[in-house]
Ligand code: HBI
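As structure tokens, one chain now follows by itself in the form predicted alone.
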């Protein structure tokens, strides 16, 4: 049995959606490790919700999300930093654990790594965002080989320490997602509503193709959303809010397809495997993590990045995809069992 201490994302409470896909990743790994008999405790901001897992609620001010900052911005910690408080708590109790697993995409946990006696595994949830963060992660790659994990090869390729990254992919609890082979006519778009996700491309594709588009996700940039509405007043779109997993899959499984339009290098794209688990084909720009998930022509389509016309063409062909193959891919590659095998092997390699 391993005793594992998880450090959560410091940009928002677990369950709020502010942290994006890493929230779901942390939840699923914690659940699977507990199922395997390991002891798991999670340090997370106050008001965090994580069913069935021990959570220590840490007070303090939240960090600014990395994707909202410029590449050369200096490192910044607010007064009474929640991340600082989380690291201090971990330092005090480190002797009670075999391994600390850091999910915080932030400079401080990497900088503090040499000062801890307990080994630290760092799961990096995004691609290159900040020079100072890249530098400290590169130092850890040299001083503590094998301790940096990422989702995909595409994500790893954004860093100078590419070859030092352990590729771990992602996974979900497939029992929570019901397969649907008789969908309606609606398309779906799922993710944080922020500029790097390029929702406007999906809206334009839906309007050109004459398909209704249901939009789900955390409303992160309201001004950006309002501009989309103003620029596309007649678009056939509907915002369904930020939903729980069970609520989301009830909506998602009834859709003809999922549109993914990342303007940046998406580290993975958990929404893609959630769609596949429901039997929903994925149409995505061939950029970043989704390009390593979608099997072009079999479980969806990969189109030229930033091409609305490409999205429209793929939408016209979406009914040619066998939805059973989508579910099959999710079962073969993205189950919790497969996820647990990859992470457990990584943890054991670090400890050995």
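Computed from a prediction, not measured in an experiment: that's the story for all the values here. Numbering follows the first chain given and starts at 1.
The form predicted in complex with ligand HBI exists for this protein as well; it is not shown, and the discussion that follows is about that form.
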Practice prompt. Using a 4.5 Å heavy atom cut-off, indicate which stretch of 57-65, 308-316, 288-296, 35-43 touches ligand HBI in the predicted bound form.
Written response: 57-65
Fill in: Candidate spot 20, 105 and 192, all three touching ligand HBI in the predicted bound form (heavy atom, 4.5 Å)
yes
Worksheet item: For residue 125, is any heavy atom within 4.5 Å of ligand HBI in the predicted bound form, or not?
Response: yes
Discussion item. With the partner left out here, check for me: in the predicted bound form, does some heavy atom of residue 11 sit within 4.5 Å of ligand HBI?
Written reply: yes
